[in-house]
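To begin, one chain is listed below as structure tokens, in the form predicted on its own.
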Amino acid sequence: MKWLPLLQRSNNVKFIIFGGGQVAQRKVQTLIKFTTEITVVSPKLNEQLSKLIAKHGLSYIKSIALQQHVVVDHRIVAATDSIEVNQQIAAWSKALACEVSIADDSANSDFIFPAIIDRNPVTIAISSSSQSPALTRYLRNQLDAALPARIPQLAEFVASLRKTIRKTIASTQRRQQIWRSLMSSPMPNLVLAGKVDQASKVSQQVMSGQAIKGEVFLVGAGPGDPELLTLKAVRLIQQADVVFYDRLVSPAILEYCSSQAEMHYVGKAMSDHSVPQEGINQLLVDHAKLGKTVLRLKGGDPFIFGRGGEEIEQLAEENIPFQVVPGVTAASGCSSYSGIPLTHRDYAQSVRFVTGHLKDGSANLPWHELIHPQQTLVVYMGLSGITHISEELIAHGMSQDTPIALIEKGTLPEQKVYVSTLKGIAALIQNQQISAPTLTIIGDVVKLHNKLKW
């Protein structure tokens, strides 16, 4: 490691920045979060840097770089557009024992600027040792987006706990045990979810040595493409001790799970339930009572034909803490990836979701309610019964020429879209080898597929 990251107090730290362009501007943007004891030296400034100086009341010397501008006990930043000028500024600085940072010259710099994620009081610095500023900014943006917004609240909560623990627990070993238990308990996630009162209750239980219940996360994994996961879903997936996952959760998404997590497949296909629903419900309760962080990972959205409501009913009855994280439902994901908008001013002003098979295995739908002009009908889990569904829709008044699309393995690289009409769908299915998971979209919006597919 060539560079040691250190945190420096802003007290009495003063900077002189030479340069008025984009490089100097970025340095100022970083430093103004730390101090306003900044002097900029340049014959001219770009518009953004000029605004920063005016807004924050920074000192500005309108001049080319001169030796007299280097002042003892200041940190110097050579960020002009000229390599030669930067080298001269560095020579002046070193002669006065001033630490200097030279743009694009880390080998001769005394300090460099990391990219910073500011979640005060939490600070994360990222550096590529000045080898690739663009990479550093990219990584900063990726990590920044992935971090929960309530990290400052968690930091404040933990700081308060630390004071309490230091006052009440004399044994260093016992303190360490408590902290290990606290940080692996539901406490951090409760704070991040804004449930501070519940987090306080859990913390008191841990500190008093009481057994605590774990927490269950009911998480929607989306229709397949792992990049459609929400940031919260990824964070909770990575934290889980035990994972119960469905058939429709893609292997790429399971890669986010910890290598230490217990993995349990509880997938269900039509007439083939590896674990009955009641059994899944009980498994979630049993593992949570062991104090574990339990992840129930479901394809799509857990509250849209995902039986999520059934699963958390039992958790609520058993007073097990739980959180529900929505996912991109198949209708939204598959239609978007197929270029079939669910609504469109010229084709459909409403959309209706139905399931292709009900609890008793039938498809006894309210047919008359489904026959509406300018409405899109989306059928989940209906591949095996789509011929019957099409016949019933025609029998109840829907035009036999109504367009219909079958989207196989939607949002995944192997996605296929089959387009036909209600009258012709049976023949299409006979002539094609279409497999689940397949979503069905019925309505005039299907006409846009060829034009909008991407």
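Predicted model only: the values in this text are computed from it and were never measured. Don't overthink the numbering: it's just position in the shown sequence, from 1.
In what follows, reference is made to the form predicted in complex with a small molecule, a form of this protein that is not presented.
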remark   = Note: the small molecule not shown here; in the predicted bound form, the stretch from 33-41, 402-410, 53-61, 425-433 having heavy atoms within 4.5 Å of it is 402-410
query = Are any of the heavy atoms in residue 337 no more than 4.5 Å from a heavy atom of the small molecule in the predicted bound form?
reply = no
inquiry  = When the contact criterion is heavy atoms within 4.5 Å, does residue 188 count as touching the small molecule in the predicted bound form?
reply    = no
query = With the partner left out of view, is residue 330 within 4.5 angstroms of the small molecule in the predicted bound form by any non-hydrogen atom?
reply = yes
query = Applying a 4.5 Å heavy atom distance criterion, does residue 248 contact the small molecule in the predicted bound form?
reply = yes
request  = Select from the listed residues 113, 347, 256, 380 the one whose heavy atoms reach within 4.5 Å of the small molecule in the predicted bound form.
outcome  = 380
remark   = The one option of 322, 92, 157, 305 with any heavy atom within 4.5 Å of the small molecule in the predicted bound form is 305
